[in-house]
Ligand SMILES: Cc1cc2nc3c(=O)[nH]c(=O)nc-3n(C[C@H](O)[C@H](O)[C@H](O)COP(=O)(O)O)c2cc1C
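Single chain ahead, written as structure tokens, the form predicted alone.
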């Protein structure tokens, strides 16, 4: 199975989030997953300019790495979002990527896929950022397997590392097990069903302008 890891830290895998993500990816590999890593320390995704072209054509006009990353996200079996906590949210790099996913969100195009999230912080409040990224997993249409977050104790070190790393490896394994077993997370149904209906209705309302998205929903037939 193909797992795409998207690293939002400008430090790439060299930083604290990279260290925790390493353990999650170790769990993925132990469970037989094939990992591809995209790091925004190297890849470039510009901020959305709100031109609405993607709603009409299915593609963004900005000249950067977004479309290549989107193709990989659409073709993977599962994915991981990873980011340090920057003032109670994800990095600007990862947020720019999320904002560019509007067409995917309107089409709920990641239905059937599974996502997990990874976060680190300098001073805590990890649950807020973990929760935000899990929410993004859902609005893309995927089911959230879970997430892990932790404050750091120094450069690439954490308090209580042994249990934290064991939990991280288990998250990677759980992502692969969920894909292999086609697991269902019923506690996410209410939000997923309501959001799906909301996006379908929005696209129907804007069908004359958002032609690609309208045709996408028509092709779904549901």
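Numbering follows the first chain given and starts at 1. These numbers come from a predicted model, not from an experiment.
The same protein has a further form, the form predicted in complex with the named molecule, not shown here; the description that follows concerns it.
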**Message:** By the heavy atom within 4.5 Å rule, which residue out of 102, 152, 139, 96 makes contact with the named molecule in the model of the complex?
**Reply:** 152
**Message:** Within 4.5 Å of the named molecule in the model of the complex - does that hold for a heavy atom of every one of 131, 143 and 178?
**Reply:** no
**Request:** Give a yes/no on whether residue 211 approaches the named molecule to within 4.5 Å in the model of the complex, heavy atoms considered.
**Result:** no
**Message:** Would you classify residue 147 as touching the named molecule in the model of the complex, given a 4.5 Å non-hydrogen atom cut-off?
**Reply:** no
**Prompt:** How about residue 88: is it within 4.5 Å of the named molecule in the model of the complex, going by heavy atoms?
**Reply:** yes
**Contact flag, residue 122 vs the named molecule in the model of the complex, heavy atom cut 4.5 Å** = yes
**Message:** Suppose contact means any heavy atom within 4.5 Å; which members of 1-34 contact the named molecule in the model of the complex?
**Reply:** 9, 11, 15, 16, 17, 18
